[in-house]
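There is one chain below, alone, in structure tokens, taken in the form predicted on its own.
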């Protein structure tokens, strides 16, 4: 009989050593061992939209009659709706099961084993994680102390094996945006520059309209944050047409389920409603920032263009703060990396969530 050890010999050795991605857990898992009911949780750890999706999405999902039929592999109706939303033709657009899948498809298109990907930590961990899965080499170029991009250092790190530069804007978890001159300078390297705009609806800053002018600019977007569809896993990318053609060729044929497609299309029919929730979140982001800055003296909040705020604990222990909030049913994100030592990331919730968080932080102090 074949043993576990025999099977392990067949697995790529670098994957055996690789650490798993630390994903966010749902409320019913978070509350285990706390004695707190899942519906009482104040979940501020996943950058999810506290207002949920458009009401039209719920109606459309209930009434959709064709769940027994495979989805359109060409994503035609969805791509047409996205074309109207962003103002570029469908030849630039490819949809995926969240930004994560699009990152994966781009890397599968471009990387051969040993090729390099430039990553700019602190940032979203999926870029380095999926690069390692595809047998690429991650080249980390640290952001400056203010979390801005060190463009000269990025350019210096480029060599003949470098294929891709990943930039999140607004950056997760620091909340700052990349400027257009910075991106233009990186595009001059000739590498594929991927701008992850998962939170762009909260910042109003985008590079989407520059895509037709560059053969190496990719912009990734999602419905998870602004449209409240994180659980349905639906995202899209705006690509140079030559890259889009290859991605449509190599992606899984039915990579987006019909429920996600229905939800995304209905969201795009109810943009005014969703812009209203974005406006609420942005207003609450500013209120949360002001309260943290003025009332919690042992925290330093960093300005953010996303739907979250990064804070540094300057007096006390960030892990302890995270654990004590958890015991109260308030879940935020704790980081234990060299760049983010002593940092916490707080998702912007509803006003009552902010009030409960501030009250709990005052108790902890």
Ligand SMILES: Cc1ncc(COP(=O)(O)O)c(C=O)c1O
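If you're wondering where the values come from, they're calculated on a predicted model, not measured in any experiment. Numbering follows the first chain given and starts at 1.
The form predicted in complex with the ligand is left out here; the points below concern that form.
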| item | value |
| --- | --- |
| Contact test in the predicted complex: residue 127 vs the ligand, heavy atoms, 4.5 Å | yes |
| Partner proximity in the predicted complex: residue 100 to the ligand, non-hydrogen atom cutoff 4.5 Å | yes |
| 4.5 Å heavy atom contact, residue 172 to the ligand in the predicted complex | yes |
| Residue 164 within 4.5 Å of the ligand in the predicted complex, heavy atoms | no |
| One stretch from 104 to 112, 134 to 142, 220 to 228, 177 to 185 that, in the predicted complex, holds residues within 4.5 Å of the ligand by heavy atom | 220 to 228 |
| Of 211, 82, 118, 168, the one that lies within 4.5 Å of the ligand in the predicted complex (heavy atoms) | 168 |
| 194, 198, 260, 207 - the one with a heavy atom within 4.5 Å of the ligand in the predicted complex | 198 |
